[in-house]
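The chain below stands alone and is given in structure tokens; this is the form predicted alone.
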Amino acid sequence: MARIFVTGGAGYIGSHVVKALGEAGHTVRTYDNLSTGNRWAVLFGDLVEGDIADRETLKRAIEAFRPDAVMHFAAFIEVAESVRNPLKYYRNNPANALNLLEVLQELAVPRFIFSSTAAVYGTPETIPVRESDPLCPINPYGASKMLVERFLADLSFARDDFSYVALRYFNVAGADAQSRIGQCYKNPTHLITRALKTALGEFPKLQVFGTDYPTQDGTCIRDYIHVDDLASAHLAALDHLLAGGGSDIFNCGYGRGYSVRDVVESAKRITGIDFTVEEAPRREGDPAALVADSSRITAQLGWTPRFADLDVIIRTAWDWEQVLKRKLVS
């Protein structure tokens, strides 16, 4: 078993990975400033409250823990916000990742797993998109993640004692099957979460941004991946690096896209609530379709998803939303 240092481990995706690491027997330390994460979401290991911009606190936390690998989730992730406030994204995502990597180089931490995104592809020329396809992000969020991927590629080329895996997520959704953790943002932007909160009456309506895309029903198409399947991809990447595997990049998705209208229909069916839906103009920075070719991670790392079904994803998210509502009320 290994010692894993997780930045952003109190957030949505990070906390599910911490859970998977703990259940697999690894020793975990979470480092999080709790700006969007929650202390109660860290189910295994200890939590050090700190910011990755705070170099001294970060270095002390890593040096004392002596990790075999670092997993990095501490980033801003909202596409629309990145378009409105690009410098916020460039300051946090690449600049603070550079700060982290410099600390890891000083401490000779040899392995790194990076939370990247399908947004690095921009508007792909072919669907499903492959890891070898051109990177051409159309929003600052995607560009900020692409920069970090470049940092990692150059660092691993320069140093024989450093290797990494970058996982390019498609649309992450769902929640822990036991409803212990799930999404918990003050102002969620994820489509499935917004739909379910609208069903619960927390929002008066669900807006569908853009109905004139060149897709079958005019709405955006995305490849939704269950957060627990994504967590298992991180463990597969960790096993790869611990076994001496080289640096690599992998898509994480199911290879099947669902439109916004598909998601709305499924959410209404799962909840049994015919909530209000309103059509709205397109948002800046949204490509028409993003669907993964994930054959590389399946073939090379043996990753096998268990929850590749939109209804299953939404059902676990719905169960969590009802638990979360009771948690917040109490």
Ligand code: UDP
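Residues carry their position along the shown sequence, with the first being 1. As the structure is a prediction and not an experimental result, all values here were calculated from the model.
Although it is not shown, the form predicted together with uridine-5'-diphosphate is what the next lines describe.
**Q** Which one, 68, 293, 286, 262, lies within 4.5 Å of uridine-5'-diphosphate in the predicted complex by heavy atoms?
**A** In short, 286.
**Q** Could you work out which of 156, 99, 207, 179 is the residue within 4.5 angstroms of uridine-5'-diphosphate in the predicted complex, going by heavy atoms?
**A** By the 4.5 Å heavy-atom cutoff, the listed residue in contact is 207.
**Q** Using a 4.5 angstroms cut-off on non-hydrogen atoms, would residue 189 count as touching uridine-5'-diphosphate in the predicted complex?
**A** Yes, residue 189 lies within 4.5 Å of uridine-5'-diphosphate in the predicted complex.
**Q** Looking at the partner-bound form in the predicted complex, is residue 220 within 4.5 Å of uridine-5'-diphosphate by any heavy atom?
**A** Close contact exists here: in the predicted complex, residue 220 approaches uridine-5'-diphosphate to within 4.5 Å, heavy atoms only.
**Q** Is there a non-hydrogen atom of residue 232 within 4.5 angstroms of a non-hydrogen atom of uridine-5'-diphosphate in the predicted complex?
**A** Although uridine-5'-diphosphate is absent here, residue 232 would stay clear of it in the predicted complex, with no heavy atoms inside 4.5 Å.
**Q** Since only the chain is shown here, I'm wondering whether residue 197 would be in contact with uridine-5'-diphosphate in the predicted complex (any heavy atom pair within 4.5 Å).
**A** Looking in the predicted complex, residue contacts with uridine-5'-diphosphate do not include residue 197, since no heavy atom lies within 4.5 Å.
**Q** Looking at heavy atoms inside 4.5 Å, which stretch does uridine-5'-diphosphate contact in the predicted complex, given the options 199 to 207, 245 to 253, 157 to 165, 82 to 90?
**A** That would be 199 to 207.
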